[in-house]
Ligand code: PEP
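The chain that follows stands alone, in the form predicted on its own, written as structure tokens.
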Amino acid sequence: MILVLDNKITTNQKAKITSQLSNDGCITREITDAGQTLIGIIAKNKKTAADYKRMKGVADVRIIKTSHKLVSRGFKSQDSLVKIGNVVVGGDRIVVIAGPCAVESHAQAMGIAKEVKKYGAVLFRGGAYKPRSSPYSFQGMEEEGLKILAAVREETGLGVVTEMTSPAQAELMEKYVDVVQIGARNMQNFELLKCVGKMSKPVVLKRGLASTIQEWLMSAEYIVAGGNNNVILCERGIRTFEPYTRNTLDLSAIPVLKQLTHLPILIDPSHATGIREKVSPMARAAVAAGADALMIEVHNDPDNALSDGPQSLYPEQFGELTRDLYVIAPVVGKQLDFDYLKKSEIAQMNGGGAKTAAFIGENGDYSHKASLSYFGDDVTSIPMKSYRDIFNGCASGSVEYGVIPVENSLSGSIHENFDLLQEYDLKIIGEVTIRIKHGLIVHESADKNSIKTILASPPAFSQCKNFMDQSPGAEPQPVKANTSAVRHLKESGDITMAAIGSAMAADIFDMKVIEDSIEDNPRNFTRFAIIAKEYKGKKKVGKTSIIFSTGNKPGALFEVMKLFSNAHINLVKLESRPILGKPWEYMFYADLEADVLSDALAPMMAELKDKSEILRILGRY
């Protein structure tokens, strides 16, 4: 049973409700979900739903019919976010956990940790206690292994994940690690579940070898009922009759769980397949299916590993996998962020004060989603009315960052922003690509056949032309931005009106997406640049954006292009724009897959300066 509290509830009313629930012998949990304060009642109580609904301060009472109460979607409609240091599992950014099956030595663990961090892992896994099928197999380094994990965290900044096999290990886990894992063999070890339910550490709960999804969720319920809400569900394959892989990875569990629970979902393709060559394909499939995180086993010498060497990737293979995931993730509205930890670190500089990022439009716009995808919760996103407002805000210091669209895969470059980059002395410090996926949004009680007016921005109408052609009874009504369209729809209360916008905007305004993906071309992506006055801290640079101009003579641009070719630099974008105040003269914008300030490219940069009348580095990221 859930009590939905009135938004205007007084302190005294809430105190009386809490006291009454205590007197009735109820076990309760209080959460905030979609802007509402809820009290979940998870034990037998003396009163009926009608009794509680009559209490002052109670707006509504809902009944949860599933056996798993606290982890159900009925209890919490919004996805739970599990925070592990600066890493958040369950948001737009895919979290990659990587490392060996077992900690074997300080040198082994530290070497692998540095490799996987280089390739995009944000958490490090390694077993200190190893429950093995054979009593003669390596059982782990125990407390010494935990000390090594703590040393890895200290030197690399990676949070560490390890398996807990007994309640007796709780004190050591609290002391040394960031996340405790309950292995498949212990999924229904209820005393262990009760123990981690009382701990302060987030918990990765692996699915049992032959457990149903419902049994798995009930095990999660044990942990949450104990008071620990930070649970991550890990699918690691179930035992079936098929002998070609170690287990059968149940990817169908991802969409099932997304409907049944608010908990984030982690996929372990290493234990599922047990075969090195099968790990990467299943990891890619897991991201495509909607997984929030991946756990990948990586070893620098798998042939001599003390545990699960045949399923461990070499570090270079892990690097190839993360590059693939980087490309796949935006298709399903996610990001794999190679600078995840560095950005979180930078966001907390200068005493950890609040940082802000400006975007154009309103909350729910794709620019807003881009800001959230790049920064997560480390930075507060601030809407602004124009691109120039964003540049002015960054230049004046009223906001730390700006999020600006620079290129769409269908309509091309956003020229206004390229001109503003030329005008302002700001740096590009990063980029993020967002898939533009339009939905038809209506009121909850609306019927598609009764729609007479559709609100949308002009670009959205052009990108949904086929849909509009098939809706001749609906009159298009342009508005400034897609989220503005959804807001106007909400404020109008008109059930004959619809809007084209994002699912995020529909959620913000509590509206319904009646038809999804109505854009003509699904390959609709927008690349956003992140701008700032300066970049604080060091980071790995893989791309440089520059602007330059050449003399007005034959072959001048060719000579510059030849420099890039001779230096084996991949030129991924080249565009000309008029030089401000100089009619018929042009500046060239170029994106290069290289760090032009590296020592190796110093000779090339010296020649580039000689051949350019103007040369400016817009950003290295």
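Numbers follow the displayed sequence, beginning with 1. No experiment lies behind these values; they were computed from the predicted model shown.
Another form exists, predicted in complex with the ligand; not displayed. Remarks below refer to it.
Using heavy atoms only and a 4.5 Å cut-off, determine which of K543, K334, H271, H368 is in contact with the ligand in the model of the complex.
Exactly one listed residue reaches within 4.5 Å, namely H271.
Of L192, A184, I84, A532, which residue is found within 4.5 angstroms of the ligand in the model of the complex when only non-hydrogen atoms are counted?
The residue in contact is A184.
For the interface check, one of 465 to 473, 107 to 115, 543 to 551, 123 to 131 should have non-hydrogen atoms within 4.5 Å of the ligand in the model of the complex; which one?
After filtering at 4.5 Å, what remains is 123 to 131.
Each of K206, R236 and E297 within 4.5 Å of the ligand in the model of the complex, by any heavy atom, yes or no?
Yes, all three are in contact.
Do C101 and the ligand share at least one heavy atom pair within 4.5 Å in the model of the complex?
Contact check for C101: yes, within 4.5 Å of the ligand in the model of the complex.
Under a 4.5 Å heavy atom criterion, is E400 part of the interface with the ligand in the model of the complex?
No, E400 stays farther than 4.5 Å from the ligand in the model of the complex.
Spell out, yes or no, whether the shortest heavy atom distance between E163 and the ligand in the model of the complex is within 4.5 Å.
Residue-level check for E163: yes, a contact with the ligand.
Heavy atom within 4.5 Å of the ligand in the model of the complex: which residues of 47 to 73 qualify?
Residues within 4.5 Å: none.
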